[in-house]
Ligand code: GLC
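One chain comes next, on its own, written out as structure tokens in the form predicted alone.
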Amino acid sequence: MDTPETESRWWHGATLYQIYVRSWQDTNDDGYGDLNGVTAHLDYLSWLGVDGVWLSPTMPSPDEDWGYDVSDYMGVHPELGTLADLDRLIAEAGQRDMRVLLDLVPNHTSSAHPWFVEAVSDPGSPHREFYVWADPAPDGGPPNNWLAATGAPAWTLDEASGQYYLHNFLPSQPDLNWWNPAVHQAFDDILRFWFDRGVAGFRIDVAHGLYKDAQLRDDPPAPQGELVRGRFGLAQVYSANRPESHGVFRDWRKIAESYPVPRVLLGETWVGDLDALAAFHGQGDELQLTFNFPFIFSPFTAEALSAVVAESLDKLPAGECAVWTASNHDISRFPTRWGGGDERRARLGLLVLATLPGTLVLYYGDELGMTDVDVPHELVRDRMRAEAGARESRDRARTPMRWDPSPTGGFTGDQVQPWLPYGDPASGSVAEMQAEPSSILRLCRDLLGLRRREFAGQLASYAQRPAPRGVWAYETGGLLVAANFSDGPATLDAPPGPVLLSTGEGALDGQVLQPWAGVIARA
């Protein structure tokens, strides 16, 4: 049970679970998941050992980018449900000691948002200054060299006024102007609206991108050799990653901590430099949690992952909490990207993720070892990737959850066409794996149970230990973890002690750790 002290930092040692709502559970047979579908499976999440859920965008949107183009920050998308449905979800989750986080998109709105509609129709409107406008370059083209996520220029001409507006994503996602104090006030009100309804926090989309260079200077060429690269050969020095954004998060932190149980701010901090990542924590007065993309995009080797973890923990300000995750709605699922579909590697990934100190974020289906789905071109729904001409859309990691072995996976009705195709039924389902004691789902549940017992409400210590080549060994809290990231057996320097949990039967034979196997022992 939470004490006042642990409740104030409940995310320390916690497990958050990202739900892509449209692919979780369809309760009204329209082919899309909905909020009532999330509520219907809260008992499953409680059984799994989840402490909080982060919902993909739930606010009204034309769905040009599936909710990341918001047209109303204080409502619920009618295809997903109602405010009453969301209130019920928050209350039902609370009864199971789970918290609910929403997605917040402060970098841009939808072009259908009333602010932008007014900005375009009346250049003299106060809402004109809610967005980034600029005159054409001398040749009549875009004001600078900034590129959108599609690779096209990040500017679209408003022919009526003769000015360009900025959009770092689709043209239907105009960027907000954070130099305008009225934008700050609008989002302060948005935060309080949701916090007052019981929302436990926000995952903040494009947290690194709010402010843009006031002089609109060209982005320079991107340096080579970084794990997280620039955008189409340009480093986003001026189009994003501006220092002024930190002031926004200091203000939001004050709002978050004004509540009896502080709300949590989790940033999508898409930066490749760990110093820059740590800076989003400020002096313990900005974001409480930040996504670590150098870790996410690290090679799946003992040497690479352990180096990122050690450096990340070293650079975080004292008392700040790291975040470990390997999948999300924008990238390939980790059992595919790290594991190539090899379940041994997926199990090893889960064991490591669950034993690192800080906060763990699982993406729906990680616990099943769900892999990417090859979505046929004619069924792709991801406009961002389609417009960029990308070979693989983000839809591959957004396909419906498999609840049972039926043809529909238990996601929707038998005669309903799902919004995205199902994965391979042979890959397994929740119902099948719950009934199988040795399944990857049951392993994940055991890992989360151990994590909660050992780490809940605290930041565990971490120290790397000597190990053979290809083996990552570390002590964290009262645990010793040894993980073999190689194709051959490895002999440990010493027996690890009483084994509490392993990736599978026969993972350890004396001091010999099998290929792609891991164990957790009492230190």
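For every residue, the number given is its place in the sequence shown, counted from 1. On a predicted model such as this, the values are computed, not experimentally measured, just so you know.
We do not show the form predicted together with the ligand, though everything after this point is about it.
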query = Heavy atoms within 4.5 Å of the ligand in the model of the complex: which of the stretches 479-487, 493-501, 33-41, 64-72 has them?
reply = 64-72
task = Answer with yes or no whether residue 344 is in contact with the ligand in the model of the complex, where contact means some heavy atom within 4.5 Å.
result = no
request  = Consider residue 384 of the chain shown here, and say whether it contacts the ligand in the model of the complex, taking contact as heavy atoms within 4.5 Å.
outcome  = yes
query = Does residue 394 reach the ligand in the model of the complex if we count a contact as any heavy atom within 4.5 Å?
reply = yes
query = Does residue 203 reach the ligand in the model of the complex if we count a contact as any heavy atom within 4.5 Å?
reply = yes
inquiry  = Which residue, 169, 295, 155, 334, is the contact with the ligand in the model of the complex, using a 4.5 Å heavy atom cutoff?
reply    = 169
ask   = Between the options 314, 330, 404, 374, which residue brings a heavy atom to within 4.5 Å of the ligand in the model of the complex?
value = 330
request  = Establish, in the model of the complex, whether 108, 268 and 398 all lie within 4.5 Å of the ligand, using non-hydrogen atoms for the distance.
outcome  = yes
